[in-house]
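The chain below stands alone, shown as structure tokens; this is the form predicted alone.
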């Protein structure tokens, strides 16, 4: 995929909740493009529309009006099943609350999306073990989430998101539950995945630790784009830290 290819294109994107006097306009005519290979932070205070916009871009929710194209698909023209297929096969999600299945091991959590995609058992296990090893979790593959630290659980969530080799990774406040050392190490690790595998990352965050690593920062305020700034050389690369 060409690094100049547009993965996301939003035009006059509006999302409203409620009706009449109780109606809230969470997004107010967003215009936005994300290209292949970018490492982008979507920032702004609570209530600015970050998570609402991320849900739109990930086909988790539908706009009230406007046009939205993601990975070549006009989301306004997709039915529920088609949107689900797009999410499953082409987008990786990293959630603030990890969203790991508590009764599954780390390896089984990573395999879960691959199983939904129809990948056979041998290939699923191979990919899961490879990505867990890459993220320093090989020794923890058979442990359940409750047996892992917050940093380890978040790495499992990242492993699950990248194991299917999606074109686009969307992460909602991925460092919110981590201390400074673990947050820095997690961002360094995701930056490495971006650099080596050319994955496109978009983070919704208010964490300066994430912003330091971003190559582009899009600031939202009251549901509108306040600024959109690119860093000439992106984030500085830091020495890898050990996640605990």
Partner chain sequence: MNVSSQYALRSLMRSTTRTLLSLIGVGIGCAIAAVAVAWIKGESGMMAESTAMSGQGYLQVVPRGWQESRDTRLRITGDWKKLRKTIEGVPGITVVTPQVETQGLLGMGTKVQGVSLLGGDPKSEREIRRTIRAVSQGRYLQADDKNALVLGSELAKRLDVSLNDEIVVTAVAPTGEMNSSLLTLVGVVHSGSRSIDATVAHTNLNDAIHLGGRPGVERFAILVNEPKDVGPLAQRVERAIDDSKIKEIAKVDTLTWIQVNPSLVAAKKADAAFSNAIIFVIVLLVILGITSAQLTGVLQRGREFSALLALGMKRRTLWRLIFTEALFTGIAGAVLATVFATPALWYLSQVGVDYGAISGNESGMNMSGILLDPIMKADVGIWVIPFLLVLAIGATLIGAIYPAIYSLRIDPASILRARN
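Bear in mind that the values here come from a model prediction, so they are computed numbers and not experimental data. Numbering follows the first chain given and starts at 1.
The discussion below concerns the form predicted in complex with its partner chain, not included here.
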item	value
In the predicted complex, segment of 183-191, 58-66, 33-41, 214-222 with a heavy atom within 4.5 Å of its partner chain	58-66
Distance check, residue 205 to its partner chain in the predicted complex, heavy atom within 4.5 Å	no
Proximity of residue 155 to its partner chain in the predicted complex, heavy atoms at 4.5 Å	no
4.5 angstroms heavy atom contact with its partner chain in the predicted complex for residue 84	yes
Partner contact for residue 96 in the predicted complex: its partner chain, 4.5 angstroms, heavy atom	yes
Members of 99-131 lying within 4.5 angstroms of its partner chain, judged by heavy atom, in the predicted complex	99, 101, 102, 103, 104, 105, 108, 111, 112, 113, 115, 116, 124
